[in-house]
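Here we start with a single chain on its own, the form predicted alone, put down as C-alpha cells.
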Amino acid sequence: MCDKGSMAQYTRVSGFVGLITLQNPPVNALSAAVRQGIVDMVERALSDPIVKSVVICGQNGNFCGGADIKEFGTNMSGPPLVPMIDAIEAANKPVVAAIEGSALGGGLELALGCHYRIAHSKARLGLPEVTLGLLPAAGGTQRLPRLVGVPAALNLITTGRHVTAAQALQLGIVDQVTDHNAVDVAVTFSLSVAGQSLDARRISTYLCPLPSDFDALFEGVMQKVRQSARGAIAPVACVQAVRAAATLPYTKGMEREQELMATLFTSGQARAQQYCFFAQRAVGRWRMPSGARWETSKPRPVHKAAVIGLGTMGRGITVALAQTGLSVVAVETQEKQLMEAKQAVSGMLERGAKRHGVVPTLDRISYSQNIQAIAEVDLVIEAVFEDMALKTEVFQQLSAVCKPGTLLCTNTSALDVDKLASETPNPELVVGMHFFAPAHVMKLLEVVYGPRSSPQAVATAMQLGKKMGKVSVAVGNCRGFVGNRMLMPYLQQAFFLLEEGATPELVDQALEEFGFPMGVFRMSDLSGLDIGWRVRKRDELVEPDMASGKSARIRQGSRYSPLGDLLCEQGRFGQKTGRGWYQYDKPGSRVARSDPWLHSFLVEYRARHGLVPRSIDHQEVLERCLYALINEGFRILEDGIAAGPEDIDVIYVFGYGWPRHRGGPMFYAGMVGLAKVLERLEHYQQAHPDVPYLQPCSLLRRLVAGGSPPIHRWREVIKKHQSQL
C-alpha cells in the first residue's frame, strides 16, 4: 500500500514499517508542502496499529538539503519545523533516519529528532546555516551539543563545515554507517528495535556534557570566532546559542535559539549572505554580448590538458587539474625550474590527498622540457611570465604543435587576450583563464572571452573551472578584466591617503575592521611590491627620482603617487625582503610590525612635495577606497565587461577577500544607498579634481535618477543604457 498525494510519500514495507520518503527534487528541501507531508505521514504511521516502526528517507538517494531558501524572503506558511521535529522525537514507535547523499541544515536537524540515524558511507552531514548569516534554528544548536559534546558542536555550527559519514560516526552524530542501501538497512534495523523503550533515544532529554573548564572554553572560542568572523554576527550568535544548550534546560535553550535567530533572520548580513548564495549560482548562467548563452553552448570534452610554464601559478594549476582526474602534461623548458616544480607539485598533491583521506594522483602528470609533448592534448593553459612578447611567442608555438581544435587558454591577470588570439590561426579557440594564487586553493576563476572567442570555448573553460571546484565567472576582455581593473582605483586611493596624512596602519585597520582579511598595505607586502612596480615600469609610469612639487605627482594628465616606486628603489619588496610598508623580523616572516623608517620617510616625502598632512579617519578611508572601487564596478557594467552586478560581487567575495556578510561591492553600494555613494563620490571628485575615476559613472547616476531600484532589477537599466550608447 502506498500514498503518493503529497511531497512526502508513505509506503508500508516489510509488513510492519512505515516508510516516509521526502519528494522535492533536487535536494528534497523542507518547503511548506514537504513539512505538511511529513506531519501528515508521521501521524498516519503512528496511528496505524500494524506499523511497528518508521523510517524517514529522501528520494533519489538524497536525504534532505535543509530549508527552502527561496521561502526566506516570503511569509512562511505551512507547519513550522520545530513542533514537527518535536513530534517525531516524542513518537512512541522508533523512528529511524536513513541518510543517503546529504543531511544538511534542517535536514540534519530532522535526523537529530529521529531516535536512530543510519548513514550511507558516501553521505555528507552538516549545519551550514552560518554561511547564510543564520544559525540552525530547528533545535540544531540545542540537540547537537547534547549528543556530541560542546567542543565538537561549536566547531561544526560556527564553521558550517560538512563532515563525512565516517567522521559523523566517530563524533556520535550517526549510529551506524553502511556501504549497502541505507534505506534497506534502516528498515531491517527499525524492526529489530521495535517495542524497545525509547526513553534513552530522545536527544532533547539528554544532559549536555559540560567540560570542566567550561567558562574558559567559551571565552576562548568566542575570542577565536570574533577574530575569524571579522564583523559577521552569525558565528557569534551560534556560540551564544550553544552556550544556552550547556547552561539552560532544553525548553529555555530553544527559546534562546529562537530569539537569536529572530535577530539574524531580518539582518542586512543575512540578506547579503543569501544574496551571495544565489549570486554564486547565477554566475554559472553566463551570457556574452553576442547573445551566446550557457544553455545553448555545449562544452567540448577535455580528457587531457597541458600547462606551459611551471612557476608558482603553473604549479598550482597543474595540481588543480590533476585533482580533477585529468591527465596533465606539464612543460617547463628550464631544467632547474622543472626539477623544483616536480617536487613542489608532488608535495602539494600529497598534502591535499592526506587532508581529504584519498590516494594522491601523482601518476596523472607527465613532465617535459619539450613543447612537442603537448601535441595530443585537448586544452592548454599557458602560465608563463606576465610578458606580452613571451606569451605571443608561446602562442605561436602552440598553434604549430597542437592538434586542430585544441583550446588555447592564457593565465594572464591583465594582458590583452584578443591580441594573443590574433597571433593564432584560430582566434575563436582562445580564452583567458585567470587563476588566483595559490591556484589550487583559491576558489575564483575569471574566464575571459575576447571579441572572437567562440561560445563553445567559453563553455569548455567554464565547465573545466567548475570541475576543478572553482567558482567560474565569464567576463569580457579589457585591461585588468573585472577584479584587477577595479583594484587599481582602490590601491591608488590608499596611496593618496598616505600622501595626505594617513599611515599604512590606519588604512589597513579601517579595511580590516570592515571585514577584509588583510588591509591593502599588508596585502601588498604579502604579494610583493615589485609585481606592481614591474607593471608600472612597463606602462612607462615610473620616472627616475624626480623633482619635488606637483608635476612630479602627475602622469598622463592625472594624479599619480610614486610612493610604491620609491619603496621598490630602496629594495623594499615586502615580506620576501623583510621590509615593505611594514618591517618583518626576517625575510619571509609573516608578522608585520610598524616601521619607524617608513613613518619618517612619509614625513620627508610630504615635506618635499609641499603636502600638508591632515588627520584622516576610518570613515574617509572606507569611502575613498571602497567607493572608488564600486564606481569602477559601475563602469564595468556600463561597458558590458560583466553581464550583471552578481558577477562582480562573486569575483570580489571569492577572489579579493571582500567580506561575505557584506555581499560584495555592488550589493554593498545598494545597502549603503546608491544616492549616498553618488553624493560622496561627487564630494571627493570636487576635493580631488585631478583624479578622473572619482567622476561618478553615468550608470550610477541613472540608477539614482530611477529611484535606486533593488540590485536584481539593475540588469534592465543596464540593457536600456547600453542600447542608447
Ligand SMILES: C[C@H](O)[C@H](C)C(=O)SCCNC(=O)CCNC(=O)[C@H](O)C(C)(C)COP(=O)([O-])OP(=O)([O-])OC[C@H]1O[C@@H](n2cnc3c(N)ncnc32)[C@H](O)[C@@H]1OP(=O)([O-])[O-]
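For every residue, the number given is its place in the sequence shown, counted from 1. Everything quoted here is computed from the prediction, not taken from an experiment.
One more form of this protein, predicted together with the named molecule, exists but is not displayed; see below.
K.L.:
Which one of Val27, Val42, Leu674, Leu699 is close to the named molecule in the predicted complex, taking close to mean a heavy atom within 4.5 Å?
P.N.:
By the 4.5 Å criterion, the partner-contacting residue is Val27.
K.L.:
Which one of Gly314, Gly432, Gly105, Gly253 is close to the named molecule in the predicted complex, taking close to mean a heavy atom within 4.5 Å?
P.N.:
It is Gly105.
K.L.:
Indicate whether the named molecule has at least one heavy atom within 4.5 Å of a heavy atom of Trp533 in the predicted complex.
P.N.:
Result no; Trp533 lies far from the named molecule in the predicted complex.
K.L.:
May I ask you to check whether Ala461 falls inside a 4.5 Å heavy atom distance of the named molecule in the predicted complex?
P.N.:
No, Ala461 is distant from the partner.
K.L.:
Using the partner position in the predicted complex, report whether Lys403 sits within 4.5 Å of the named molecule, counting heavy atoms only.
P.N.:
Outside the cut-off, so no.
K.L.:
Taking the shortest heavy atom distance, is Phe278 within 4.5 Å of the named molecule in the predicted complex?
P.N.:
Yes, Phe278 sits close enough to the named molecule in the predicted complex that at least one of its heavy atoms falls within 4.5 Å.
K.L.:
Could you tell me which stretch in 594 to 602, 353 to 361, 133 to 141, 237 to 245 has residues with non-hydrogen atoms within 4.5 Å of the named molecule in the predicted complex?
P.N.:
One stretch meets the cut-off, namely 133 to 141.
K.L.:
For a quick test of understanding: in the predicted complex, does each of Phe436, Gly480 and Leu487 have a heavy atom within 4.5 Å of the named molecule?
P.N.:
No residue of the spot touches the named molecule in the predicted complex.
K.L.:
Within 4.5 Å of the named molecule in the predicted complex, counting any non-hydrogen atom, which residues from 53 to 72 show up?
P.N.:
Residues within 4.5 Å: Gly65, Gly66, Ala67, Asp68, Ile69, Lys70, Phe72.
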